[in-house]
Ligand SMILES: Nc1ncnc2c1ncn2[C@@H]1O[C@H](COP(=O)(O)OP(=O)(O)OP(=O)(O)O)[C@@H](O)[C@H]1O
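Just one chain is shown here, as structure tokens, and it is the form predicted on its own.
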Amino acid sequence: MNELRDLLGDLVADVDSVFLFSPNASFFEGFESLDDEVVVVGPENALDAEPFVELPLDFTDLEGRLRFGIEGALEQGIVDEGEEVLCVTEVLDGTENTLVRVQTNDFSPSGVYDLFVNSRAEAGVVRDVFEVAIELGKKGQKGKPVGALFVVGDAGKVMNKSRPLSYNPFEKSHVHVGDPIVNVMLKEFSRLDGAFVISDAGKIVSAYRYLEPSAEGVDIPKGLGARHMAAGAITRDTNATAIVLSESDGLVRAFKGGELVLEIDPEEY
């Protein structure tokens, strides 16, 4: 028992900040008297906590939840790289029952916070499109690798900077990404050329779009092709986010502001 007490003492000793993930009011009040800075991470700031990091997605995996909270706190300047933080979160039965001590640089910057929080499109829409690309990357199209390009948000400007390659099957529809049946349609149409254009709220505006922004000045990593260049260029010229599944290496990449902000292997997601 003494060894357990020592272990818990080591876990909480000399931390720079305590991160509380979606705490209830009484639990939060129990930490207010701490000398350490207390950071609340959650979907909304119902406790009027300061500082606060918005958690727009329901991360079911512990690592994703911690990574998002820490990246958000780093971006807001709440904590600095290399600081020790204690994360208090729930894993079972809706109570705060897990303590994790990490350094803020234990997670390599992934761009996940910027991708979801600072995008024009709704966070849930970005997530739904991202998951379609991830699933396509895992399964391909009829067992074969497939490439795809999804442009999410600022759909009016994106349409003005692109032209149709074929008949738009979504022209008179009002379907939204995230619906399981619609996601199956997206995977099927991904076999054909062109980009999908999706509105801020998730409505599928078009398929088969050829993006026409100038690629001049767009800097993407060597080895990436025309699909990635188009993604970089369209996000530089609009407020859209582009999510690309590479047919050659199978990775899913996200672009914002003309830059690559996230790269993930679907098999590890």
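If you're wondering where the values come from, they're calculated on a predicted model, not measured in any experiment. Residue indices: 1-based, along the sequence shown.
The same protein also has a form predicted in complex with this ligand, omitted here; what follows describes it.
- By the criterion of a heavy atom within 4.5 Å, Leu149 is counted among the residues contacting this ligand in the predicted bound form.
- In the predicted bound form, this ligand sits beyond 4.5 Å of every heavy atom of Ile70.
- At least one heavy atom of Gly194 is located within 4.5 Å of this ligand in the predicted bound form.
- Within this chain, Ser248 lines the site of this ligand in the predicted bound form, having a heavy atom no more than 4.5 Å away.
- Note on contacts: among Leu55, Val38, Leu224, Val205, the single residue with a heavy atom within 4.5 Å of this ligand in the predicted bound form is Leu224.
- Shown alone, this chain has one stretch from 197-205, 45-53, 27-35, 210-218 that lies within 4.5 Å of this ligand in the predicted bound form by heavy atoms: 210-218.
- Residues of 113-131 placing a heavy atom within 4.5 Å of this ligand in the predicted bound form: none.
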